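Before any questions on how it binds or moves, here is one chain, the form predicted alone, in structure tokens.
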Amino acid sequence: MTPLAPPATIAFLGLGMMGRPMAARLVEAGFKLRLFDISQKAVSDFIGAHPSALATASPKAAAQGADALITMLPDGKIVRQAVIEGRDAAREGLVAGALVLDMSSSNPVDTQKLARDLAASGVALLDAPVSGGVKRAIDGSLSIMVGGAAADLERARPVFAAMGRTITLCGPAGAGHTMKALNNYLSAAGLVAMCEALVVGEAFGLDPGTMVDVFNSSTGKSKATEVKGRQFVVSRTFAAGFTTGLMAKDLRTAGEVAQHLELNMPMLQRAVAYWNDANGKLGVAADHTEIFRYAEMLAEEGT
């Protein structure tokens, strides 16, 4: 089928911290956007900056006349409400042959069910979560992990290309969301390891900035040390733009996948418990780099 190149019409649900810059990239690429968000202010602010976009009153209204529907929402349950089960759900406005691109971080098992339910209406689903944070959403260099049919990805590729630099087909429906959860498990584990190393080093008398520099020139180098070490942790600005609540949710998703597959993953289980507890101590809205503060709290409990 023909790729969805500009000026194809895209319905976009969810104008949060990531959704806003992603939607902006689509407008700038020449796509026609039909928007819905429960926050009227988020929609009006976006249209103020991008007057060609159209505000709508519901997911159904946004989906009407759209070639594809993008969801960028907090979790899979909210996605399902917006697309299928809620009042004026998007499926009521979608025509057969349309694509749904769930770019949220959803549970893969739920994603598989959503794909089956949409297929019954002649609508294909691609789960396509992203990695890279707000900065890479703004410059259009996100990593996009896709689950679904290869032919559907080729149709959607121009849409994804407006938002991301690396687009990878990971497997069938649910594979993208599985990949995202596992990627964030690795990211979270690396961040905790760096923070604990910094706490121990500082207690010994080492300079934290020097420690990060040494990590980055040694085998301890990771995305956490390269991107988050000096900029957000050593500086104590804690402003990476991704919350502890969302990180804890993604880790729970990874744990649920392992449990669904009846796999015993002790480190993953401990990571889930660690971030869930940190979530309670720091608050769901805390930046995920504030896990350093949680590491400090735990260290003080041991003294």
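As the structure is a computational prediction, the values presented were derived from the model and not from experiment. Residue positions are given as counts along the sequence shown, with the first one as 1.
The protein also exists as the form predicted together with a small molecule; that form is not presented, and the subsequent description refers to it.
K.L.:
Looking at the small molecule in the model of the complex, is some heavy atom of each of 19, 130 and 180 within 4.5 Å of it?
P.N.:
Yes, each of 19, 130 and 180 comes within 4.5 Å of the small molecule in the model of the complex.
K.L.:
Can you pick the stretch from 49 to 57, 231 to 239, 263 to 271, 248 to 256 whose heavy atoms fall within 4.5 Å of the small molecule in the model of the complex?
P.N.:
Single hit among the candidates: 248 to 256.
K.L.:
Taking 4.5 Å between heavy atoms as the contact cutoff, choose which of 286, 295, 24, 15 touches the small molecule in the model of the complex.
P.N.:
The option sitting close enough to the partner is 15.
K.L.:
Give me the residue from 78, 214, 89, 227 that has a heavy atom within 4.5 Å of the small molecule in the model of the complex.
P.N.:
It is 78 that has a heavy atom within 4.5 Å of the partner.
K.L.:
Does residue 72 make contact with the small molecule in the model of the complex, using a 4.5 Å heavy atom cut-off?
P.N.:
Looking in the model of the complex, residue contacts with the small molecule include residue 72, since a heavy atom lies within 4.5 Å.
K.L.:
Given that the partner is absent here, does residue 39 sit within 4.5 Å of the small molecule in the model of the complex, heavy atoms only?
P.N.:
The answer is yes: residue 39 has a heavy atom within 4.5 Å of the small molecule.
K.L.:
How about residue 105 - does it come within 4.5 Å of the small molecule in the model of the complex, if we only consider non-hydrogen atoms?
P.N.:
Residue 105 belongs to the contact set for the small molecule.
K.L.:
I'd like to check something about residue 193: if you look in the model of the complex, is any of its heavy atoms closer than or equal to 4.5 Å to a heavy atom of the small molecule?
P.N.:
No, no contact at 4.5 Å.
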